[in-house]
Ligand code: PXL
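Coming up is one lone chain in structure tokens, specifically the form predicted alone.
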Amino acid sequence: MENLKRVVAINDISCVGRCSLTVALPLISAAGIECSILPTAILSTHTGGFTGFTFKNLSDEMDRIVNHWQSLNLHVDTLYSGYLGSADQVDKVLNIFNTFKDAARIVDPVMADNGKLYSAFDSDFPGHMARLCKGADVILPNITEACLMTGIEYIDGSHSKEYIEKLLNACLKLGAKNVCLTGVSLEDGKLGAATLSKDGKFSYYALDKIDGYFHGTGDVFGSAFVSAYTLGKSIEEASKLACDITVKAIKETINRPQEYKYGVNFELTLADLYKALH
């Protein structure tokens, strides 16, 4: 019997608040994939909507973990990187990419949203993320992140196909093989994703926009996308599935009143993800 595929998710652990590894680990596992983790930092909560949270950088531990994995001759099918706290951690992930040369590389360049860089990063950080994107099999930027890495002006609201395709082409020129751009709105009331494959094919998929700001949706999208791609789906198929799962998670959240800062109820989508992939 064939072994399960293995994804290594490289991201932080927020102990409370559904995001990063507390989303990636259960979602990817629910898809029928072994999810190993490489924590970049540990926080008591995520940083959106909470104050007084604790934070511990795990950069030094990352090296020790990877060195042990090398001694095990560990096989990895996909490397999936998300939030990285520093340029130093970008270099560490590049070294991991070089260590596991046969693994697919998927980079979510988490650093910005709504036209602004996250406060933890300085203006040099997008350049470091662009280095990480070079050679990646797929990158998953949102509109803001794509603009920051390519130097294209950020435009809020709905977008023209010309603008989106300009962004996609610019991201591909960073050296990535395929691009999936999130937060794409080609018409008012619709929101989704657009892809550009290495053979020059564009695709679009959008659903009705749900008003509000929901923490962790980028991690839900990324984890569902990585799951589908690792199991052999095309970037177009993976993007569509990731949109569907993310919207379902949002709907499950607004149907059960709670403080949105704790993240979306992705747990109620796990069976849907498995069924869609098997």
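The structure presented is a predicted model; accordingly, all values stated were derived computationally and were not measured. Residue indices: 1-based, along the sequence shown.
What comes next is about the form predicted in complex with the ligand, which is not displayed.
When the ligand is considered in the model of the complex, T47 lines it closely, a heavy atom lying within 4.5 Å. Proximity of C19 to the ligand in the model of the complex falls within the 4.5 Å heavy atom cutoff. Taking non-hydrogen atoms only, Y118 approaches the ligand to within 4.5 angstroms in the model of the complex. The closest heavy atom approach of Y83 to the ligand in the model of the complex falls within 4.5 Å. When contacts are defined as a non-hydrogen atom within 4.5 Å, none of P109, A193 and I235 contacts the ligand in the model of the complex. Only one of 238-246, 210-218, 28-36, 57-65 lies within 4.5 Å of the ligand in the model of the complex by heavy atoms, and it is 210-218. Shown here without the ligand, the chain has no residue in 165-204 lying with a heavy atom within 4.5 Å of that partner in the model of the complex.
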